[in-house]
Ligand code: UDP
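Single chain ahead, written as structure tokens, the form predicted alone.
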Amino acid sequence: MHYDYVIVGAGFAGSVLAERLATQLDKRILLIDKRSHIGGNAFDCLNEDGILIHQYGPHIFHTNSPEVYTYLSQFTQWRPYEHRVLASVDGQLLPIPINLDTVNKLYGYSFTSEQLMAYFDSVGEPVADIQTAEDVVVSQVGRDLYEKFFRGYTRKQWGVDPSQLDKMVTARIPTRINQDDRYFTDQFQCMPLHGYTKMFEKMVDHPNIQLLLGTDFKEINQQLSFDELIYTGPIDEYFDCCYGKLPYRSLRFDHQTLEVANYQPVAVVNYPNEHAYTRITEYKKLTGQEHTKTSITFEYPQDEGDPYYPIPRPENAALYRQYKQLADGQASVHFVGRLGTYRYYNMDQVVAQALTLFKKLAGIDSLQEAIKG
């Protein structure tokens, strides 16, 4: 069979593009994934106890884009959810991002917002040219809070010291002088009511979309007939790592079901200290599911395994640019997604990137037009 598009990867980028091209342009699509399921890292499923878990760690949907929210709302109802994270520091569970309550509880102060701002000014270490993840934090909140909340966590997460990482790593985490303990402040914060996988199933349920799971594109490429390719896998793998392998950080997940109804006060607790794991997630607090048992996951960052996070260091960005130059020379191949563009994107950013590519392929002027049902 001849396909208009072969799409490699059935995560957000691949599924969004498959849906749009099939439903809006009547294109014939082959959607391929190495894994045995759709949804990429956002895949969720019922475990053996009937608890809905996120197989690859917690995925919390949040966006400031009405277009992204409106588009995904065609495939799911939503459960309102505002994410709150606590960090285990000095024997206490304290709000992260750092806010007024974090500092007051940690040190026994009773600062007002104005006093906290003055305190940050007094302990912050001036950095003339902010380049690294360490620079960002010590300039904002000083050395002690940096050591307690950021350095250990970042070293575990990325495998290198924050002084060796790009500033974007910690720039994603704001510091607040009020009591707002929400992890995100986006306009839209919610979870798919019946889970991510159900949303993906609706997205790719179309007669023009053929799914091929548990399949490596490279092994069947020569047997396929198609006009254009959309590739959401690692860009270096597409080019046989001809310039060398792009470094990624991977994760190992230890899923456990406990014979208790509740385990921790919030969905995610960070451990920026001597523990080998970075965080513990309790899924019922994300999904709202009621169950007599609870399921938790310990997250262990590691070098080997599936690629999760592009490591933001200047030499890696330079290596990616070499691959991008090759990619730009591929007229009928489109690279998209976190792995395809070697960028640490949130889910909504990947959806927006995919919709933007669809807009280009369809010759449409606006995102509003691109998301119409």
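Numbering starts at 1 and follows the sequence shown. Only a predicted model underlies this, so the values are computations on that prediction, with no experimental measurement involved.
Below, we refer to the form predicted together with the named molecule, which is not included among the displayed structures.
Enquirer: Just one of 120, 188, 158, 75 has a heavy atom within 4.5 Å of the named molecule in the model of the complex. Which one?
Expert: Comparing distances to the named molecule in the model of the complex, the residue within 4.5 Å is 158.
Enquirer: Would residue 172 show up as a contact with the named molecule in the model of the complex if we use heavy atoms at 4.5 Å?
Expert: Contact with the named molecule, yes.
Enquirer: Please check if residue 183 has a heavy atom lying within 4.5 Å of any heavy atom of the named molecule in the model of the complex.
Expert: Because a heavy atom of residue 183 falls inside 4.5 Å of the named molecule in the model of the complex, the answer is yes.
Enquirer: Does any part of residue 287 reach within 4.5 Å of the named molecule in the model of the complex? Heavy atoms only, please.
Expert: Outside the cut-off, so no.
Enquirer: Indicate whether the named molecule has at least one heavy atom within 4.5 Å of a heavy atom of residue 153 in the model of the complex.
Expert: Judged by the heavy-atom cut-off of 4.5 Å, residue 153 is in contact with the named molecule in the model of the complex.
Enquirer: Which of these stretches, 120-128, 258-266, 221-229, 164-172, has heavy atoms within 4.5 Å of the named molecule in the model of the complex?
Expert: Of the options, only 164-172 has residues within 4.5 Å of the partner.
Enquirer: Counting only non-hydrogen atoms and a 4.5 Å cut-off, give the residues of 304-340 close to the named molecule in the model of the complex.
Expert: If the 4.5 Å heavy-atom criterion is applied to the named molecule in the model of the complex, 304-340 yields only 309.
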